[in-house]
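A single chain, nothing else alongside it, follows as structure tokens in the form predicted alone.
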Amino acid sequence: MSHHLFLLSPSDTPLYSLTHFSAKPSQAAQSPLSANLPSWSTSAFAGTLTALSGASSVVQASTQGGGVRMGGGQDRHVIQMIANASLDVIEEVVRRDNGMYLKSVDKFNEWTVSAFVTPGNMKFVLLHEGKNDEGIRLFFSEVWELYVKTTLNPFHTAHSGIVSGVFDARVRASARKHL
């Protein structure tokens, strides 16, 4: 199962991103977009259909009898598209609710988008496949604490990309612990 974290500035500029694969096995699923279509009609678009559906990958048989890997739900551009598309929904939820942890704000096929918005309007967006509200809340709290410690560094420029190896290692450790 994979998790994709994005830290966005108040102007929606990406400052940090992380892709974490948990030890839990993901379920192999057929692409729901192509499930009801004949196989000949989906062969040319297998990678696109699989990427849009969020399935982990698909192997298509070739004429030599081997398998050819086509696209996959882990494609970075599809993950970024889903995260960017959910930003408007996050803004609407922020206007309604006063809490920082917004839980699940959007869903795209099997991808669920959870969000955490700080008082300074920093957005932490997490794309995930499973349901783990308490673990995600704890993960967001730890990432927020790490972010605050990073911004307190006098050598860090506000709203600039985070390139600290220590920050990255601690976020990864928190992801292993809670996700």
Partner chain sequence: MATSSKQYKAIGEDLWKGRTEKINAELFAMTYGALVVQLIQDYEDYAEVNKQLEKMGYNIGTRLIEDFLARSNLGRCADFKETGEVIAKVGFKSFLNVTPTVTHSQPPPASPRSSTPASGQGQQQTAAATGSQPHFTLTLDENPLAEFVELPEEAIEGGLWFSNVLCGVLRGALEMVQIRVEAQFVSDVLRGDETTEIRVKLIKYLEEEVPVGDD
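In this text the structure is predicted, and so the values were computed from the model without any measurement. Positions refer to the first chain, counted from 1.
FYI, the form predicted in complex with the partner chain isn't displayed, but the following is about it.
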| property | result |
| --- | --- |
| Among 150-158, 136-144, 123-131, 107-115, the region lying within 4.5 Å of the partner chain in the predicted complex by heavy atom distance | 150-158 |
| Proximity of Ala23 to the partner chain in the predicted complex, heavy atoms at 4.5 Å | no |
| 4.5 Å heavy atom contact, Ser17 to the partner chain in the predicted complex | no |
| Residue contact check: Val166 to the partner chain in the predicted complex, 4.5 Å heavy atom | yes |
| Partner contacts for 99-128, taking the partner chain in the predicted complex and a 4.5 Å heavy atom cut-off | none |
